[in-house]
Structures are given as structure tokens and as C-alpha cells.
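Below sits a lone chain in C-alpha cells, taken as the form predicted alone.
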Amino acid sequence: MQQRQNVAIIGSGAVGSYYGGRLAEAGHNVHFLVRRDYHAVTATGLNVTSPDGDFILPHPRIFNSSGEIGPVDWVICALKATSISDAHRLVKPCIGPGTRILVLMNGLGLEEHFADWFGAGSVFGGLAFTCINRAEPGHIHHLAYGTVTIGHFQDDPAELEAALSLWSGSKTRVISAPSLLRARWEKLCWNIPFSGLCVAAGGITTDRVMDNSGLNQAARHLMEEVMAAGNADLSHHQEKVSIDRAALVDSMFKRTSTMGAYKPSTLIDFVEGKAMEVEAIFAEPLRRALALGVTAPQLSLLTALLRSLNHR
């Protein structure tokens, strides 16, 4: 393993707790900002079940405030996109002269906030393609997959190598993204159709979207719109890469067919009556599509429905 790093997990929900736990398991000094489950984790530790191996951190380093953590080598921000307005306040106490920040959040345009706050050169984006749910307090269920795709905000290869090295020795598989923007759009190609339709269809799991011919077709239409918007955005930013539309559709549907009755995080938020990440996952991609002259009627309708449900 590389030299032990000091890591702060800002947002210790299912995703932050799982990946922070894997880094702690690999020997890094991981500090978890824990608010909702603080007393439960203090009493029983962090318990993770996973096809890649169950583990328990009996006495994880947990804190009520990021000010108690202080400056670290790495901040992994795994907040919900609905909490982006809190991110600066929560992350800032952990920033030192050489701190790097991995934005492990869903949606589009999030790294721009961190770049404005802390400098573009220190910011990375992380995209987790995984099935992870939080169960009772202090317990995380990792169900399948788990790979994290990492890109640098400025697509600097040397900085990207530093980000990948953090995970060496851990059980988390990491993939480099030469273009962070393309990686963000590719993740949206799954998140928008499947997370969106699971909610809009009344609160159903991904297997029912796959098995219903109408919903399956709607997912394909949505995915096509997202890919068209993504390629227009990549061209607008003068990127020399594009989304391989045929290959990505086939890959996304094959992966989803193996997930079973999976509940995306957006669906869980909907069922639990919490605010969904509509603006970052759906509205920002739609805004960019329309600004670039890409017609997206399915995405426009879905975004309107989800906004309405968010205000229920």
C-alpha cells in the first residue's frame, strides 16, 4: 500500500460509509463526519455486508463536526446533491495547503462549485456504479458492483494518478476517466432513465422498469436524449471525446438486468419522503440540453414530474 493518508468523509451515508470503510480497512486514517447515526456507530461500530467481503470497524474515527477533524490529505465529499449549499461550510475546515477533494456525488455541475471554493487543481469527480443501501443505523448493505470511476476536474493525468493511488491496496476497484465531463454524462445515462422512471412510475424497482415493455422503451428513449445532450455538451466544451451511443445503451441495459429488484437512491428518497436530487441529476442536464439546442421532450416531462413530486 502507498503511504498512509488522512482522509475525511463528509457525508457518511451509505456511499460515504462504504467507501470510507474500505479505505480504513486498507490502512488509511479515515475520519467520518457522522450526524444522524453518531450514537449508533459509537455503540456498535460501522458494520458492512458485501459480496467483496463483510467487515466491521468496531471503533471508527467519527466526529460531530468537520472542525473537529481539521485539515487532511483527502476530503471525500459524499453528500446528497440536495445539500450542496452546505458543502462549503462542511468541507472548509478540512482543507489544508495540499488537500485534494473527491466529489463522490450524483449529478452534473457539482465539481464547478468546489473548484470555485477551493481551486480547480485540487478537485476530482468520483462516480460510483454500485448497489449500496443503508439499513439500520450503523449498518451498510453493499449488494453488487462497487467500481468507482475517477476523473480530475482539469483532466490532469498526473493528478489523476495521485487520486487512483489512494485506493491501491483497498478492495475498491477504481477506473480512471481521462474526461471527467464524459464520465459524468455516462453516469447520467443510467441515473436519469432508471432512477427517474422508478419514481415516476409510482415507486417501483429497476427490475419492473426492465420487465415492462412500455417503461423499458421509455428508458431507452430517455437514454438516447441524455446521450445526445452529453455529446453536445462535450463538443461545446471542446472535448475530443464523445459517448459511444450504441455500446453504452447495450452495457447499461445488460448491467441493469443483473441487479434484480434494486432501489436507486432517488427512489429511496422518494419513498422516505426526503428531497430528491432533482436539480443536479435531471434539471441541470436538461438546462444544458436546451441551451445547446438539443430537443429533450422525455427528459423535460420527467424533470417536471419529479419537481412536482419533490414539492409534494
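None of these values were measured; they are calculated from a predicted model. Throughout, we count residues from 1 along the sequence that is shown.
What follows is about the form predicted together with a further copy of the same chain, which we do not show.
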- Task: Have a look at 182-190, 95-103, 79-87, 218-226 and name the one stretch with heavy atoms inside 4.5 Å of a further copy of the same chain in the predicted complex.
- Result: 218-226
- Item | Residue contact check: residue 293 to a further copy of the same chain in the predicted complex, 4.5 Å heavy atom | no
- Message: Against a further copy of the same chain in the predicted complex, would residue 115 count as a contact residue? Criterion: heavy atoms within 4.5 Å.
- Response: no
- Query: Does residue 72 reach a further copy of the same chain in the predicted complex if we count a contact as any heavy atom within 4.5 Å?
  - Reply: no
- Item | Non-hydrogen atom contact residue 208 with a further copy of the same chain in the predicted complex at 4.5 angstroms | yes
- Tell me, which of 163, 128, 197, 140 has a heavy atom within 4.5 angstroms of a further copy of the same chain in the predicted complex? 197
- Listed residue (120, 234, 201, 175) with a non-hydrogen atom within 4.5 angstroms of a further copy of the same chain in the predicted complex: 201
